[in-house]
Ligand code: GLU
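Shown here is one chain on its own, the form predicted on its own, set out as C-alpha cells.
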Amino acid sequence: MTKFNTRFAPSPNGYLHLGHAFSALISEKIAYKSSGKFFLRIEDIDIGRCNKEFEKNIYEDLSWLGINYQKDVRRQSDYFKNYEVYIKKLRDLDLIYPCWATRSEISKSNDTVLRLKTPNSGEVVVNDLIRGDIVFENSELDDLILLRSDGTPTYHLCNVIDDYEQEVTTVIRGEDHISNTPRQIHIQQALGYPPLEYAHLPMVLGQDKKRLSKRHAATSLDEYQSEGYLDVSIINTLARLGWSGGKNEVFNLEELIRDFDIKEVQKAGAIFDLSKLDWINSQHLSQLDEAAFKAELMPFIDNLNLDYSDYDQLDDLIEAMRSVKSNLSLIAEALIPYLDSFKEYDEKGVNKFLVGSEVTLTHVILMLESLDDWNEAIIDEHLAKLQEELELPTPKMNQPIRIALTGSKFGPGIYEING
C-alpha cells in the first residue's frame, strides 16, 4: 500500500471553521489509513495578522475532534533563516529577479520584490486524486512573487519548502487553492523537488449553494462545541460532506477509517445542512449509555446555575429528556422548568395548544384533586378515561398539560412530569 504523508496548515488569524475541519479530518484519515504521517503546520509567516489566541484555538479544536498529528509541529515563523537559504539558491540559479512593478508602480515607491521566472511555454499538470489531471498553460500564469518588499518570504515559497522538508507526499485542501497549485509546482521544479499528489476538496456551501457563512449557520468549531454537539457528530457530518460511501449514514470513527476512500469524494460543492447535523447528533446522543449521556450533559446544566441538590429524580429526568432536543445545550435548557421556575412560555405552543384548552385543563385539575394516590399507572388510567369522555386526540390532551406545567411543548412523557 502506498503511504500518504499529509498535513494541515492553518494560519492563526481566525478561529477554525467547518471547511478547515473538513480538510484536517480527511488529511488525517488518509495518512493513518495508509500508515503514513499527518503533520500540523502553523503558517504564521504573516506575523502582523496572526494571533497566539487563534493558534491556541487550533490545538484545542483538533484535540476536541480527536485529530492526532505528529509531535513535531512546525511553525513557519521559526524558519525565516531557512527560507533565506532557498532564496539565495534560486538567485544563484538565476531563477528569480527583482521587480519594481505592480503595487510599487501605483504607489510611486521604489520598493522591490523578487519574482520567480516562470516558463513562457508548455504546461503544468496537477495530479488530483479527486478531479483527475488539471492542466494549466504556463503562458497564462504570471511570475510569482517569492520575496516581499519588506524582505519576508511569501506563503507560496514557504509552503513548498515546508512540504518538502516535512516529506509531505499528498496535499489535501479546499478547491479554492487550485489556482495556487501550478504556481507552487513551478517553485518545486525550480528547487528540484519531487512532484506531489493533490486532492482539492469541494467547498463547504450553505443551502443556497453559496460559500458557508454566518448567515447559514455557525461556522467556527468553537460555536458547535459550546452548543453541545458531540465531537463524533461533527466528524460524522464533515465526513459526509461530498462523500456518500460507506455502509451507514451514522458511523463512528473506526467505521470512517475503515470505509473512507478519497477517490469517492465528489467534485461539486459540499452542502452543509444544519438540520442534518441536528439529526446525526440526536442519533449519536441516543447511542450513549445513561452514564455517558449524563456526563456529557452535566456541564451544560451547571452552566445554567441550576440548583438540583434537592431533586432526587435527576437521573430519571435526564434520561427522560434525552431526545427532546438535538444538542446538549438545548436539552439542558429544557430542564429548567423541572429544576427551577420558568419565566416564559413557548409562545407558539401556547397559541397552538393552550389557548382554547381552558375547559380541558379545568377537568384535569379536578381529576387530579380527586386522586388519593398519585402514581403513573393511576394518573395514566384516569387521564385516558378523561380523554375518552372529552373526545380529544392525544395531542389536544397532553400538550396543554405539558405546556401549562413546563412552559414548553417539548418534554418527557406526560406522566413523567413532576410539576
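Small disclaimer: the values here were computed from a predicted structure and weren't measured. Each residue number is its position in the shown sequence, starting from 1.
What follows is about the form predicted in complex with this ligand, which we do not show.
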| query | finding |
| --- | --- |
| Stretch in contact, per heavy atom within 4.5 angstroms of this ligand in the predicted complex, of 263 to 271, 67 to 75, 136 to 144, 151 to 159 | 151 to 159 |
| Contact residue in the predicted complex, from Leu25, Leu18, Ile403, Ala9 (heavy atom within 4.5 Å of this ligand) | Ala9 |
| In the predicted complex, the one of His284, Lys276, His177, Lys325 near this ligand [non-hydrogen atom within 4.5 angstroms] | His177 |
| Partner proximity in the predicted complex: Glu43 to this ligand, non-hydrogen atom cutoff 4.5 Å | yes |
| Contact flag, Arg173 vs this ligand in the predicted complex, heavy atom cut 4.5 Å | yes |
